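Okay, so here's just one chain, in structure tokens, the form predicted on its own.
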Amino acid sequence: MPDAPLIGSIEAGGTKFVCTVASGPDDVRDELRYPTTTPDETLARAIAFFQEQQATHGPLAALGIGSFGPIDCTEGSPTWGHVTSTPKPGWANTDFVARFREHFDVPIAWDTDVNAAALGEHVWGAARGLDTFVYLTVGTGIGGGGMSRGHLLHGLVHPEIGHIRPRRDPDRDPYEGCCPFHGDCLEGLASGTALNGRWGGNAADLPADHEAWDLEADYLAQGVVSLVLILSPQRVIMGGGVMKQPQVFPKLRARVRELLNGYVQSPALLEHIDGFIVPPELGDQAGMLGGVALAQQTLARE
């Protein structure tokens, strides 16, 4: 790894940025984590970090950026490299990539933060050897990416799995959701923001037997079942702060089985679901190492 090209990676989240200089998981030279504020302040801090790292470690071969969205990642589009219709205040229509091109004359890879994390897991983590899988992060928001037949998921734009619509029973759950676009979409009902809003505090402090976690598992299971039926993934990887609650994975797996009701006849679901719905092997490093992997892909194509 020390002889591999040195990469600058950005995991650009709506809550925090993680900037890294690395060539892979065994060669991480330095890392900087800080809150996401205004575009000018946040991007300037990342640019300064990479300039300092180049002075210490030598020139970067490429930059890999995985960003919160929505973004334009359609090559050839006039707004490629932009954050587009995000609800994050001040960030809509920000030309993210252009800020870095002003300072770094290197190839720049650009994709969603969840597609980047999915690629990191494909190269070094829980999706090694798979060509069709889904990566979901359940934190402040909910996002999803992944691969189909060995290619990161793209199309009209990029996956917005957090905004699919689960069923909500208003008698069981009167909370109408926190998504400013859709109200009770998956993100609006099952994100960390939704959990805190529904229960009036930090949901992480709720006891493991609180009704919140059965409701959470139900919404997440509806999302996972939809993905199983549409994309037929070989594995579903689920990260983010909410998934660190130890009671969530067992409840989620049980509810997925219940909702599928034996319809998908695969041993992965019927006998080995603990290996089908799994946490990321890279943990909190999935996104930042995914940025490294994105840049390495771009270099390989050049």
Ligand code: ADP
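Not measured: the values here are computed from a predicted model. The numbering used is simple: start at 1 and walk along the sequence shown.
The same protein also has a form predicted in complex with the named molecule, omitted here; what follows describes it.
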**Request:** Verify the contact flag for Pro233: yes if a non-hydrogen atom of it lies within 4.5 Å of a non-hydrogen atom of the named molecule in the predicted complex, no if not.
**Result:** no
**Heavy atom of Thr86 within 4.5 Å of the named molecule in the predicted complex** = no
**Prompt:** Does the named molecule get within 4.5 angstroms of any non-hydrogen atom of Asn202 in the predicted complex?
**Reply:** yes
**Message:** Taking the named molecule as it sits in the predicted complex, is Gly192 in contact with it (heavy atom to heavy atom, 4.5 Å or less)?
**Reply:** yes
**Item:** Stretch in contact, per heavy atom within 4.5 angstroms of the named molecule in the predicted complex, of 240 to 248, 273 to 281, 258 to 266, 50 to 58
**Value:** 240 to 248
**Complete:** If we test each of Phe133, Trp91, Trp213, Tyr219 for a heavy atom within 4.5 Å of the named molecule in the predicted complex, the one that passes is Trp213
